[in-house]
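One chain follows as C-alpha cells, the form predicted on its own.
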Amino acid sequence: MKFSYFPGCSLKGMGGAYETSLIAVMEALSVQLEELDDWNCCGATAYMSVDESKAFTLAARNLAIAEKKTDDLLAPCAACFLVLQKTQKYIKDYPEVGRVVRESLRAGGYDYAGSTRIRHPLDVIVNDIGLDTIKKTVKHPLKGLKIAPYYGCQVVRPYATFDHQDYPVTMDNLLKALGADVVHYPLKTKCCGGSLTGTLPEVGARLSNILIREAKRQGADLITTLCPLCFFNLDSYQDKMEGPEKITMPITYFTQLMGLAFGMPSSKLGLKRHIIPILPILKERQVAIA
C-alpha cells in the first residue's frame, strides 16, 4: 500500500513527534509514504479569511502535484486535511472558483483534474488496513491505560468523510484494538481554542482547560489527539489554566500509542518531546516501554 504524503508545516515543526510516530507506525503496517515533492504550506484556515482565491490556489498546487503521483494523498494535520478538502470541493462546486484556480495553476505550469482523494491516516489505518491487522500487530497491549479520544473540530467537520460529525468513534475503536480502556468523552469534538491561544490567550486557555478537566472527570489518564494544534494547546498551556485545583494531564498523538502497543522504542515515537511528561503514567499503569 502506497500513499503520497503531505506533512504540512506543523509536522515539520511543533508536530515533529506526530510525523516521527506516524512514519514508524506506517512502516510497521507495510504502508509506504512518499513525501510530496516541493509541497507548500496549505495556507491553513486563517489564509482563507485574507484572500480566498489565493488561498485556494495555494492549496490546489499541492493537489495538482499529488495528482501526478497517485490517487490518494495522506494529510495527517487536521487543518491541512480540512483545507485540502475544502479547496477540492470549491473547485468542483463553484465554477468561478474553479476557473480562477485552474488559470492560476496553469500560469505556474500545473494542471488539476480533481481526481485526488484526500485521506486521513486514521481513516486509512482503520478502514483500509483494518482493526484485525492492528490487533495482530500489537505486542504490548495498552491494558489498564484509560484514554480520552479527542478528535478536535476539523477532522470530521464540515466534511464527515469517514466518521460522524458530532460523535466520531473511529479512534475509539482503534484504541480498543490496542487494548486500551476508552473513557466516555462527550467533548471529543469540542474546539480546543485553536489559534485563540495566540490572539486571545485567556479565552484559548479556558477552552483547553474545559477539555482537560472533563477528561479528568471521566477518569482518563491521558488525552490522545490527531491534530498538531490541539496537541500544542492542550500540552503547552496547562500551567496557564485557571481553576479550583491544579490539573495536569499528558497529551499524546494516537500514532504514539499505536507505536507503544506495537513494541516500538520510545525514541522512535517522540515521547520525550512533550511538555507534560507521559512516561510516568505509562510506568504507573505498567505499560511496556521498549
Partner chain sequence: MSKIRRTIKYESERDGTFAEEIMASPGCEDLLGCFQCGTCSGVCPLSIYMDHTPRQIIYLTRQGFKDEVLRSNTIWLCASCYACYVDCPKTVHITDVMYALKQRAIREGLYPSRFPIPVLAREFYKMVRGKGRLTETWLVVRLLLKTNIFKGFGMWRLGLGLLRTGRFSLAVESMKHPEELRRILDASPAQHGKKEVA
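Keep in mind it's a predicted model, so treat the numbers as computed, not measured. Numbering follows the first chain given and starts at 1.
Not pictured, yet referred to below: the form predicted together with its partner chain.
Participant: Can Asp221 be called a contact residue for its partner chain in the predicted bound form at 4.5 Å between heavy atoms?
Facilitator: So Asp221 does not count as contacting its partner chain.
Participant: Should Glu34 be classed as touching its partner chain in the predicted bound form when contacts are defined as heavy atoms within 4.5 Å?
Facilitator: Result no; Glu34 lies far from its partner chain in the predicted bound form.
Participant: I'd like to know whether Ser236 contacts its partner chain in the predicted bound form, with contact meaning heavy atoms within 4.5 angstroms.
Facilitator: Ser236: contacts its partner chain in the predicted bound form.
Participant: Report whether the minimum heavy atom distance between Asn40 and its partner chain in the predicted bound form is within 4.5 Å.
Facilitator: It does: once its partner chain is placed as it appears in the predicted bound form, Asn40 has a heavy atom within 4.5 Å of it.
Participant: Exactly one of Val183, Val100, Leu122, Leu131 has a non-hydrogen atom within 4.5 Å of its partner chain in the predicted bound form; which residue is it?
Facilitator: Of the listed residues, the single hit is Val100.
Participant: Could you check which residue among Met264, Met48, Met241, Met249 gets a heavy atom within 4.5 Å of its partner chain in the predicted bound form?
Facilitator: Selected residue: Met48.
Participant: From the candidate stretches 170-178, 85-93, 213-221, 136-144, select the single one in contact with its partner chain in the predicted bound form, where contact means a heavy atom within 4.5 Å.
Facilitator: Looking at the other structure, the answer is 85-93.
Participant: In the predicted bound form, does each of Met14, Ser53 and Gly193 have a heavy atom within 4.5 Å of its partner chain?
Facilitator: All of them do, each having a heavy atom within 4.5 Å of the partner.
Participant: In the predicted bound form, which residues of 97-113 put a heavy atom within 4.5 Å of its partner chain?
Facilitator: If the 4.5 Å heavy-atom criterion is applied to its partner chain in the predicted bound form, 97-113 yields Val97, Val100, Ser104, Leu105, Ala107, Gly108, Tyr110.
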